[in-house]
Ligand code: AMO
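Next up: a single chain in C-alpha cells, the form predicted on its own.
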C-alpha cells in the first residue's frame, strides 16, 4: 500500500469489507448536510467520493466544530474508522476521529461544483478550475487521456516515432491565411497552423513520424466547433499513398472507439453517452459522388466548388456515421497535395467526416521538386518563400502521405458534447484569452 503524507487510501479504495479499519483520506468538501443528530460530508478526491458521518452524541467535539467551520471546496484531511452501512453510497462510510482543515475555501463560490445549480458556458469557463472539479467534467478529460494513450499505442505499433516541431515559424505553412503574427526579436514570425512541412521533411529522415500538439488558426468563425488554438494529431509516412494513409486513420479511429467503450465504462455512464460503433470498413466516396448526391437533393453546387456547411449537413443526413470523401479538385487543396496521374484536375486528397463534421484531412504529398514548384506557382505562391522546404527535395525525398486529425472535434463524437469548448481545458477563441 502506497503511504503518502496526507492519506493512506483514496476514496474509491474504501470498501465495506474494511469495516473497523483506521484510514486517512484527503480531498475537497463536495457537499455537507446537517440533519441535527447526524451530519454528513461528502469528501471528493481524484478517484471519486466517500461519505463521512458525524454523530452529535458519539463524535468528538473537535470533529463537530470542524464540520461547522469548513465550507464547500475546502481541502481537508480526515482520520477515521471505516463503517459498513447499507444507507451510505457504495455501502460504506467513514466515522471521523479527526478532521484537519488544510485550506479553507471562500463560502461564496462562483460555480456550484456539485452541479445542483446549472451554469451557462461563459460562467463555466470563467470559473474553469472549479468547473474542472465537477465529476462529469472530469470524466470527459479522463476519456481524453485514454484517447491520447490509445492513439500513441496504435501509431507506435505501426512503426511511427513521436516528434515535436516548431510552433514559431518564419513563413506560412499553407499560403498565409488565418495566421497569428508574433514579434520575434524584432522580426515578424507566425504561430504554426500545422506541422505540415516539418513532418514531411522528417518523413525523409525517419520514414514514419507523428505529432500530437497545438496548432493555431486566426479563425473568424464563432461557432461551437471552431477554436483559435486546437490540438492536432498529425502523421506522415514514407512509401505510402493516400489510400494507405486512410487505412491508418481508420484503424486509429476504430481502436479509439473500441478502447473508450471498453476502458471508460464509468466515465461514459457518468456523462450519459455511448460512442458510435463502426461495422466493417469506413465508406469512401469520391468528391464527384458527393456532388452528384447533393445535386440530386436540390443543392445548387457547381463542380469544383468546396462543399458548404449546409451541403455537408445534408450529406451527413444521407451518409450516417464516419465516411471519407476523397479525390478532391486540385485547386481546393494546398500546394503540397499530389495531383492524380490520370486527371491532374483532381488530387489524391481526403477528408474524414462524421455526419457533417470534418474530423480529419490528408493526402498523398508531392515528392518531386519540379512539380512542387509548379504547384506553388499555380496557387500564386512564391517558391522563394518556401526555399527552406523545397531545397531538401534535391536530396532524396521519398513518396509520402499523411493526415491531421482534430483531437477536439474527435472528442465531441466520443463524449456527445455539443460545444468544443467543453472538451478543451482552457479554450481559446475569438473572444476568449483567459483563464
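Residue numbers count along the first chain shown, from 1. Computed from a predicted structure; not experimentally measured.
Another form exists, predicted in complex with the named molecule; not displayed. Remarks below refer to it.
Partner contact region in the predicted complex: 351 to 359, out of 351 to 359, 338 to 346, 125 to 133, 248 to 256, criterion any non-hydrogen atom within 4.5 Å of the named molecule.
Between the named molecule and the residues 208, 83, 314, 217, the one pair within 4.5 Å by heavy atoms in the predicted complex involves 217. A heavy atom within 4.5 Å of the named molecule in the predicted complex is found for one listed residue only; from 194, 146, 74, 171, this is 194. Annotation: in the predicted complex, residues 291, 328 and 367 none come within 4.5 Å of the named molecule through any heavy atom. Although the partner is absent here, residue 27 sits far enough away that none of its heavy atoms falls within 4.5 Å of the named molecule in the predicted complex. Proximity of residue 411 to the named molecule in the predicted complex: non-hydrogen atoms within 4.5 Å are absent; the residue sits far from the partner. Under a 4.5 angstroms non-hydrogen atom cutoff, the named molecule in the predicted complex has residue 234 among its neighbouring residues. Interface membership of residue 404, defined by any non-hydrogen atom within 4.5 Å of the named molecule in the predicted complex, is confirmed. Residues 217, 219, 225, 226, 227, 230 of 204 to 232 are found to place at least one heavy atom within 4.5 Å of the named molecule in the predicted complex.
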